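Listed next as structure tokens is one chain, alone, in the form predicted alone.
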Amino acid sequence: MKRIVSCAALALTTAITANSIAADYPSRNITAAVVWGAGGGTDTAVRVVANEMNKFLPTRINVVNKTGGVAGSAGMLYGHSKPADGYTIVGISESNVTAAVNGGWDKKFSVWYPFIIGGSPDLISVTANSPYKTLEDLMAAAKKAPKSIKAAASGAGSIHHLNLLALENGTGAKFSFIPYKGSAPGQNAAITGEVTVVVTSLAEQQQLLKAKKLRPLAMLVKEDTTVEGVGTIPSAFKSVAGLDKYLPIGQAIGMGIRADAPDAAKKVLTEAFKKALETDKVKQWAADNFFTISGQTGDEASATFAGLESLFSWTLHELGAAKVDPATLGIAKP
């Protein structure tokens, strides 16, 4: 009887302590671990928004980078290994939903309580001195000599990699895919000539395009896009038939805490996040970078990521690029 009473008392004490800690949240600085490299789209967006969130929090969010693994799995493993107290945020994107089917870890994306900032459309570009002037030129060369042209598209299983696979599948062209730890390293590789082709977002490439360090060939969405100082970038859908089977796929860049974190922490972070997205600084940054703000949080954001997890995982499986059958992970078909 004493043991039962003792256990009940311990459980009550633990609950009271947890509630007390949650009520004081945050009482110390929060770490945001971005799973992609510094200077990339996720890193930039998280840093901009976190800096604005700091204005609405009693403590600070300090952003660090935890790269590596498969599809950002190293950073996610790091974040998930920390206590579920809301003091560790992971900077994530839609590309992370393929970590499981790529063998990076064994969890579904539902382990996160996400906050979606938004995203920017992808495009395919080449080195500035490349002989390829159009997408048709590039695809013809990649078909004539399969895997002779090196291409960067961030990490394996990223949205950029998936877009590259979709182009290959739609045209019969084959590139030699070189994975990098993020968009910025992949773009730098294209600038230096380490690779010829790069697939990343317009937000990430725009300054390089304006500086003539990269040559844009096509947008990987259905609309042409005009960029000041660059001109109009045509849609790949105009020259590649069958792309609508896999594309377009929108980015979902944002943050997440463990789904089992206290409700109080989720509420505080949600309020700060929503307020940050309404600031002039975030709005101007989004406008300047062809970035569409989403603002989804909680159940709505979780549903978005679940849909992307299903679409990305099964698309990679159908393209023969997944290491793990999504069915074995409990990932439903789209």
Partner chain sequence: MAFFTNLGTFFQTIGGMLTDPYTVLLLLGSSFLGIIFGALPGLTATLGVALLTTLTYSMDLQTALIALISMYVGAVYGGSYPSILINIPGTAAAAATALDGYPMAQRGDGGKALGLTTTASFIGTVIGMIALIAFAPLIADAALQFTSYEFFLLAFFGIIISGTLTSDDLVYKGWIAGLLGLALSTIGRDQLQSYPRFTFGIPELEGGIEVVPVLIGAFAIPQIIKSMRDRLVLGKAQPIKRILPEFMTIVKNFKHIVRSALIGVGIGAVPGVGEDIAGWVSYGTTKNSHPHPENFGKGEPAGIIASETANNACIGGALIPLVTLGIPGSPPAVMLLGALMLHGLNPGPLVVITQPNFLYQLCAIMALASLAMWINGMFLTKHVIKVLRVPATVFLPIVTVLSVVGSYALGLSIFNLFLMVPVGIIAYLLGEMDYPISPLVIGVILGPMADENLRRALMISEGSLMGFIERPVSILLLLAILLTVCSQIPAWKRMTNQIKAKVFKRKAS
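In this text the structure is predicted, and so the values were computed from the model without any measurement. Think of the rigid core as the biggest set of C-alphas that the two forms share within 1.5 Å after superposition. Residue numbers count along the first chain shown, from 1.
This protein has a second form, the form predicted in complex with its partner chain, left out of what is shown; the following refers to that one.
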Do all of Asn51, Asn188 and Lys213 end up near its partner chain in the predicted complex, with near meaning a heavy atom within 4.5 Å?
yes
Would Gln206 count as touching its partner chain in the predicted complex under a 4.5 Å heavy atom rule?
yes
Taking 4.5 angstroms as the cut-off for heavy atoms, does Glu309 touch its partner chain in the predicted complex?
no
Is Thr226 part of the interface with its partner chain in the predicted complex - any heavy atom within 4.5 Å?
no
Does its partner chain come within 4.5 Å of any heavy atom of Phe175 in the predicted complex?
no
The listed residue (Thr31, Ser294, Ser302, Thr44) that reaches within 4.5 Å of its partner chain in the predicted complex by any heavy atom is Thr44
In the predicted complex, the residue from Lys150, Lys82, Lys107, Lys238 that sits within 4.5 Å of its partner chain by heavy atoms
Lys150
For the interface check, one of 191-199, 107-115, 214-222, 89-97 should have non-hydrogen atoms within 4.5 Å of its partner chain in the predicted complex; which one?
191-199
Using a 4.5 Å cut-off on heavy atoms, which residues of 284-314 contact its partner chain in the predicted complex?
Asp288, Asn289
Is Lys108 among the residues whose Cα moves by 2 Å or more between this form and the one not shown after superposition of the rigid core?
no
After a core superposition, would you say Pro262 shifts its C-alpha by at least 2 Å between this form and the one not shown?
no
